[in-house]
Structures are given as structure tokens and as C-alpha cells.
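Just the one chain here, laid out as C-alpha cells, in the form predicted on its own.
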Amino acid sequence: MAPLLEVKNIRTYFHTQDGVVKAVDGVSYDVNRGETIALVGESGCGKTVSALSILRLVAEPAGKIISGEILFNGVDLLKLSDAEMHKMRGARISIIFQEPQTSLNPVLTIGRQISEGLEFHKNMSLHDGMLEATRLLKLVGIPHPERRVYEYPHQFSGGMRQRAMIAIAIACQPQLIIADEPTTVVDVTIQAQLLELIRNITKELDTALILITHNLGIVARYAKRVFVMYAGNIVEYGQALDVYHQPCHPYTAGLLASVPRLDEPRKNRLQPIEGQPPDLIAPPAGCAFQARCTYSLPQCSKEKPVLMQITPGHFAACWISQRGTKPWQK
């Protein structure tokens, strides 16, 4: 069976006064029906831009999808008209934005913001839409939904606003949900509750999920496959357990080393990744991670590595791994 979503060699650039920022530069991945995958990496690596490219929400005129294909159920989303794409968003592909405070409309009630999608995509009346909005608020764990459906975003806490965003995303029972850093604005306890809520709902609806995060610590429990991004490219991907236990790229190993672990002595210090990400206006000729890598070879500064299979189903863009060595693995 063909994947639900196929992102093929997408390039999304931003034209600025200083030059062209290659935010996403040749990214490819796929999502199967009902599957959860994770896009992980530092801030600024291109995770969110690649997700916004799927929905064609890249800010124009500065931002533009230069080339590539985004196939959803075999249909190239980049070839749809604006009207056709408008019908696609919310109905078949939804997104949970990173910051609900700025994503929710402050002058509309929470219930109205849920019901408007139902009215547009499902032809519901306002009355029926509000009844469904109440049901959805109850589903996502908001107490007294029959009252809170008439309240405004500023009357909700950060965690409750994110729950309301989840309700909006699932309202039309889409086939794919993109969760863009859905737990950034809440504390650790609420993070776990929200992630469990998202997992349970997507499982119940048999909905595919793209989980975007910089925190590798929350991915293993929820994602089947992990795609690691750096400087606008995917540098490693594979089954989550393979990526965690045997990272084939030094950047992935660095991300894992920076996550606190309960199975190690408290005296062990976290290992930061030294240096800064490269300038995406003038990226280096070779491996983008070479300047921050303590294992780099002369070849790394001259030739850009491509993704190659290191072990079955596990790919990495790293000259060192492709030679059969992984000195960063303990």
C-alpha cells in the first residue's frame, strides 16, 4: 500500500535582504496510514518550515517552495489551486501549532473556533457545530465544556489552550495531524498528559501523526520512526529504537547525550554540542555538521554526504558511518 504522505525533495527558501535562506533544502520522507513519525532537531533546523510546506502555509512573498513534490493520497498538494488547498486544510490535514496563545483568535470564543471548521467542511449548522465543539472539549479533557465552549482564549490556561487546539485539529477527523512542538509552552506534567492525549486520539481515529520536537526524550514512546534534521536536511532516519540505541550520525549522538537520563549516575554531566549551526544563506560545501563534529575527516569539509543505508532500514548522511565506524557509540 502506498504511503499516505510522500514528501519528495522539497526545497523551501526565504528571500531576505541578506540573501536566500535555504531553510529546507532537499528533504524527503513519508508517512504511512495511521503511523506516527517524529521530526527532531535543534531550533532553526527546518522542522517547522517543512511542516508548513505540506500545508502550503509558508509566509509569502519572502518564503517560497522552490521545487519538489508533496503527495497526499497520490495527489500533489503543490499543484492544487488555493481553493482546493483551503478545502484540504482542517478536513484531511490538520496542524496543532506550537504557540496556542498566538494561534487562537482572541476575539472569538473557543467553541466558535472549533465549530467554524465543522460548518465549512461538514456543512453543520452553527447550533450543531457548537454541540459538537462541546463534545470535543469534553473529549480532550476540558472540565465543564458546556460552559467553557463560550469562553475566550485568555480565559484558558496554557495547557487548556493547547487542548483546545487539539480539539480544533481533530474536529473533522483528518487523515493526518501535524503536531508542531505541542508541549513547548507547558510544564513537564502537562506535557505528558498532552502527549498521551494526542496518542490516544490518533490511535482511536486511526490518524497519522507527524510529531515535531527538539526533545528526543519524548519521542521514543510515541514515534515508530524518527527523522533527524540539521541545517535544512535530514541527516539520519530509521526505526526509533535503532536511532536511539545505535545513532549513525554524530549530531544524533550529540542530541541524545544532551538529554537527562535516569539510568545514569547523577554526577554525570550532560554533554552539550559545541559551536553554532551553519549560516543557511551560505552553507558549507561539505557536511553541514563538520565544524561542530569532533570526529570529522578531511572528506567531510569537501563533499556533502548523502543518505545511505548503514544497517537495514537505518540511513545516515555521514562519511564516517558509511566507512563502517561509529566512534561516538559507547
Partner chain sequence: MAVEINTPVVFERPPHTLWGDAIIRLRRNYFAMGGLAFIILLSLAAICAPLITHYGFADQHLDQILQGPSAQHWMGTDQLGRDTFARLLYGARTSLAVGIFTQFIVIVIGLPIGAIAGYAGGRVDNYIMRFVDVMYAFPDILLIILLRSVLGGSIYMLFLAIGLVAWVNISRLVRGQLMALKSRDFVSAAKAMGGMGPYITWRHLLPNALGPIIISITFNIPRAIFTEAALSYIGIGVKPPTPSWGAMIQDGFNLIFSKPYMLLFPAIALALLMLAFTFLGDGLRDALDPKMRR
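Owing to the predicted nature of the structure, the values given are computational and were not obtained by experimental measurement. Positions refer to the first chain, counted from 1.
Keep in mind that the form predicted in complex with the partner chain is missing from the display, and what follows is about it.
Contact annotation: residue 228 falls outside 4.5 Å of the partner chain in the predicted bound form, judged by heavy atom distances. For residue 106, a non-hydrogen atom is located within 4.5 Å of the partner chain in the predicted bound form, even though that partner is not displayed. In the predicted bound form, residue 95 approaches the partner chain with a heavy atom inside 4.5 Å. In the predicted bound form, no heavy atom of residue 181 sits within 4.5 Å of the partner chain. Residue-level contacts in the predicted bound form: of 122, 138, 224, 245, one residue has a heavy atom within 4.5 Å of the partner chain, and it is 138. For the options 258, 239, 215, 155, the one in contact with the partner chain in the predicted bound form, meaning a heavy atom within 4.5 Å, is 155. Residues within 4.5 angstroms of the partner chain in the predicted bound form, judged by any non-hydrogen atom, belong to 195-203 and to none of the other stretches in 216-224, 195-203, 246-254, 67-75.
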